[in-house]
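Provided below as structure tokens are two forms of one protein chain, presented individually as structure 1 and structure 2.
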Structure 1
Amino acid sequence: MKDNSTWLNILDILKSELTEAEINQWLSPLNIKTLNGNPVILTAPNKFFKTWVEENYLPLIKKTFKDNLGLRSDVDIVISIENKDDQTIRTVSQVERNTTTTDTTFDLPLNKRFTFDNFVVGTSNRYAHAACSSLISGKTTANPLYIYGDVGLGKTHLMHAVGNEFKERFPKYRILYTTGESFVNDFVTSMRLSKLDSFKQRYLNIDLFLCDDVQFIAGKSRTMEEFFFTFSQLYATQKQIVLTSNTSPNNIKELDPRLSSRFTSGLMVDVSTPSVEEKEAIIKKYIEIEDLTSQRFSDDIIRYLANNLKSDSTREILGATLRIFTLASIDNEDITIQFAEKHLKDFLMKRDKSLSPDSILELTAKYYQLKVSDLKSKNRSKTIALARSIAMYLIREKLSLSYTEISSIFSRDHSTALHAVNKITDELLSNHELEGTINLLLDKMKLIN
């Protein structure tokens, strides 16, 4: 049974958890193929889509089905038959290689792609990375290791990297990777079936316990009690525990205080949003790992993506990279800035349409009680020259025009704007009066509609 209104409902609900861009680009193109049955089957336009959605959104989709339709069924994604011959399948064959293992020693499979080698280390994740790698080398006794931060910043990747590395170095180790949510489900099911004993066995008979997104257990008192029990037993027998969460233990609402005190007792490290340079490095690494080399990503394009994507989530940044690669492969087009702009609309920072070079000129002129024509004139009196430089600086800051474009607004030689902007930038470091003026002008700009 096709049921697209159900899918639209699900998308509506997901709006509270995902950005509009993610929904439009990755989830809207899916359809429900069968709803009555186990598993529920969704169709994706090509293999590429399927892999990306499975890796990034499937747990959330499953949860939404369950919470809102009461469906206990699993959810599978298949490629829609009409598109089976899709060209992209061939062009992106690298991405399709097996990324998960069905090894039965894991509660949930580890993603083989999430390794230390594939992880780009930068200031945003340096400590988290160091803490994870020191677990492997046995240089730390941090227990539990608690990694926290916003979505899409590499927590799950690091956790899988720990699991993958342990598995390789210590094949005898019993590793259990699960999520807070899966733990809740497992517990509830075990209770219902009166199988609490085997539940306990499953979680105690291990050497390394990896629990991703542990915040999900909060507010569920019986589950928290059981988690506390599991945790304490593993801890007492010196088994390594690694947890991730979207926030620090004290900020998790309705978390049993006994748990938050346990969670804070080991080593806590956070991951923060990557800098532009880190974003560039991550995009480059991703292109290399996924072998997205059949279409050329120039350094300019990579810098453009790092600078202009509105989300700081690495997941979204890589999703956008993958998207333009796929589209360029299908159309066999070069990846240019225009191409990216056209196809990544939802992902890009919205420029404030009401702001224009003209409105910035007017505002600056008015502040200095000058006319716009004064700013554009050749007059080099001190006030006019300063106001002109400030206007150039603001146009660059707010509209990201090139220096040549800015110079031409003032009918100047192409490097004029570059010098003016640099001068203001330098001056701002020490001149508080100038800083005040600029902040005031920036505030006024916010009021322009």
Structure 2
Amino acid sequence: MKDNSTWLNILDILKSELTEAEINQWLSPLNIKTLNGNPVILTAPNKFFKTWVEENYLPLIKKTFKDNLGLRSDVDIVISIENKDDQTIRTVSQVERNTTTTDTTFDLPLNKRFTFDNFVVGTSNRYAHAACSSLISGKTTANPLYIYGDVGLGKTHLMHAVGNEFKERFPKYRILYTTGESFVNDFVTSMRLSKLDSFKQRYLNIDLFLCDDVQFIAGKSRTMEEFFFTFSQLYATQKQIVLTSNTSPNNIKELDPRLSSRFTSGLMVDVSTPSVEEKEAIIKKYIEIEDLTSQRFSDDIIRYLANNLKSDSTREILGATLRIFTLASIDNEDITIQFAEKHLKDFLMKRDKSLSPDSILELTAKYYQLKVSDLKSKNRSKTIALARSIAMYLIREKLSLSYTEISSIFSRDHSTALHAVNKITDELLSNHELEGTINLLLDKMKLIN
């Protein structure tokens, strides 16, 4: 026979030993099933609660029964009969929301513009993209999914894409998107206003938990403890968790080791700096999505931006693209390299003025023990042809000249430069000797004054 009044008295006594948050989250869901017996039997709503209370609070509960009720009996915890047959651990609130809720997203809103369709996939992010896509399709059970990398490389885009896709495919799912900073502020406000119960209800009554920039909770002991409780219960009840951070868990300073252990227990994927080709693809996709067609972006200007913008952040790359589009539209001017140089001074890398087509030709010719005139000649010997192609590639890569401009340097037509640059680009994917040569020449260019 249940004796809830006795259990309420026990909880009241425990307030001198535990925080209100601990009592409300972990002990209030328990009930006394058998009081007059050995052992005293308490019921927990599921296996997770049972294990957690046994590991963290059972000795204190036993002591409280003994000291205040004079009971010499042991205390055991069992899973409530009505919950015991469930194959997946569910709470009453979850059952209710599966049949009654229509509000599927709350807390911070998802950005509807961030989808898988408009995410540019490249070598720098393909593993992260694949992990998120697999999560949606059910091909992976990675939990948590932890995505990390520098600012502006697409982590937030992927997280919102996951949320938007889940919302589309599973309209009854409760999705919560937040940030580490918002979680901290929300928790502090809830404590100040004595509204921790509603805070817990909001964070635990969900199916998909998305937390961006989770590193912001580090160093805040009470917040980390609450995040650990939240994470543990969501994980135990098989709710999907997706986290992003600017670094791997082990590199987050002052992060609770328990959280670091939890974060590394699932699938960790990183996003790295995009290549020039990926930057080009990102800019082209942005122009297409935003319909920036009233001012023409030629392939040459797109490549120039990809090569010369000093930031690797997607946000800043797109911001610079929008800036020159807007200014060109206002002034009714064509978007040229000269126009970009004039209006993107703060966005562009500072190039050494002495680096020119002539200096690149001289450097390449010297490396192959040739003359510059050999590179400009019609000679098609294997060594000269390779050196000529490499020079064309380096001029294109470092100076962003058009193929027509490059061809004119060598007194050839446009297609010759295009073919040479594409050939070197393709061979770099598998030819490590060529890659070493290119890298050596690039290093030597840095020394040109």
Ligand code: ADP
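Residue numbering: structure 1 sequence, from 1. This one's a predicted model, so the numbers in the text were calculated from it and none came from an experiment. Heads up, when I say rigid core I mean the largest set of C-alphas that superpose within 1.5 Å between the two forms.
Each structure shows the same chain on its own, and structure 1 is the form predicted together with adenosine-5'-diphosphate (ADP). The Cα position of S377 differs by 2 Å or more between structures 1 and 2 after fitting on the rigid core. Overlaying the rigid core between structures 1 and 2 leaves the Cα of S400 displaced by 7.5 angstrom. Core superposition places the Cα of L27 49.4 Å apart between structures 1 and 2.
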